[in-house]
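Next comes just one chain, in structure tokens: the form predicted on its own.
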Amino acid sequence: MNSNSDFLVLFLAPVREFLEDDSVSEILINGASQIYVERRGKLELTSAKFAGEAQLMAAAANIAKSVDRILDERHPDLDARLPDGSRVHATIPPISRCGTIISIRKFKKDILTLDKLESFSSIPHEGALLLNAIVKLRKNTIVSGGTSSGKTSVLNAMSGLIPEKDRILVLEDASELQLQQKHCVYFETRKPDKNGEGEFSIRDLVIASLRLRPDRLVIGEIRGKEALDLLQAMNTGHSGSMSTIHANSPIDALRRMETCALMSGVELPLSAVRMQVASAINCLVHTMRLPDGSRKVVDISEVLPLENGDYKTSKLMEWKTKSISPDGTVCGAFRLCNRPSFAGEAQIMGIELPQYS
């Protein structure tokens, strides 16, 4: 715990041990008497409890107050960051039926690198070589996956490969990324005040950032209409930018980007949006949390030109599950698929790629 531990203990005393336990990655409070934690990708029910709904509601209200937000019946949803960097989301009645709900995604103190992902068996060495080439060759990349599949961790690791000479602008809803480069400028969205004014969204940040001479944009997550502005930035000289998006597969990630771009309110035909998506995004990295709780980069693909008006990708590497043992352990292997079209660029730049057969 850091110097802000008194704050955390005061309002969240029943879960203090989990806040201090580095093996716990997430704390899920489902009302005063049901608290789960996640360790190594698996959920565990704990015996911890709050004294009652009043104590839990007081904790949520004080967290909201500490970040100058409102949490009441008119504003029953809170997204904020604790003093130690952990991300907290709270929901209260009437929209939650079982009392106050709080989830805390703990801030990782250790900076994640590709070497560490390799040591965790989250990616093979060949996959790490591919990601290194993708970043060094300034390929615009989207990291996709489901909730808690490791998207932000992979984005963090990939961002560590960006050369020091680049000016990086980092845009997030709640700060989670920890880039290692010196020339990084961090931005965070702002929620509206109690009068509904003063909001500054991810889309506002994207638009503003383009006036600040970015070499690369790193956006925590694409959720809505900001997708169109990012696509336009990627198509107009800001190569090597990267972000994450919720999706079930690499192709689904492209379709999600398309849907988000169509939410912008700009009247564009679907064919034009698809052309922008296919030309702006060069590579897709898909993550997954497997049944045994392990998280892996299960697919690295290259985006090809549209074919008959639809998206087409070329798989560069994939994970194949072969079996699941009685204790739940997932057994499988990574395999290389198609040689990337940028192999010639990598050779010219002296960047190592895996040996394709």
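Everything numeric in this text was worked out from a predicted model, so none of it was measured. The first residue of the shown sequence is 1; numbering continues from there.
Separately, the form predicted in complex with a small molecule exists; it is not shown, and the next lines address it.
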TODO: Please state whether every one of the three residues Lys139, Lys315 and Phe342 places a non-hydrogen atom within 4.5 angstroms of the small molecule in the model of the complex.
DONE: no
Task: Stretch in contact in the model of the complex with the small molecule, which is absent here, among 266-274, 139-147, 95-103, 178-186 (heavy atoms within 4.5 Å) - done: 139-147
- [ ] Give a yes or no for Thr152: in the model of the complex, does one of its heavy atoms lie within 4.5 Å of a heavy atom belonging to the small molecule?
- [x] yes
Open item on the list: Ser159 versus the small molecule, in the model of the complex: is there a non-hydrogen atom within 4.5 Å?
Closed with: no
TODO: Answer with yes or no whether Ser209 is in contact with the small molecule in the model of the complex, where contact means some heavy atom within 4.5 Å.
DONE: no
TODO: Flag Ser122 as yes or no: does it have a non-hydrogen atom within 4.5 angstroms of any non-hydrogen atom of the small molecule in the model of the complex?
DONE: yes
Open item on the list: Can you work out which of Leu284, Leu117, Leu169, Leu78 has a heavy atom no more than 4.5 Å from the small molecule in the model of the complex?
Closed with: Leu117
TODO: Quick one: from Cys260, Leu112, Leu205, Met242, grab the residue that has a heavy atom within 4.5 Å of the small molecule in the model of the complex.
DONE: Leu112
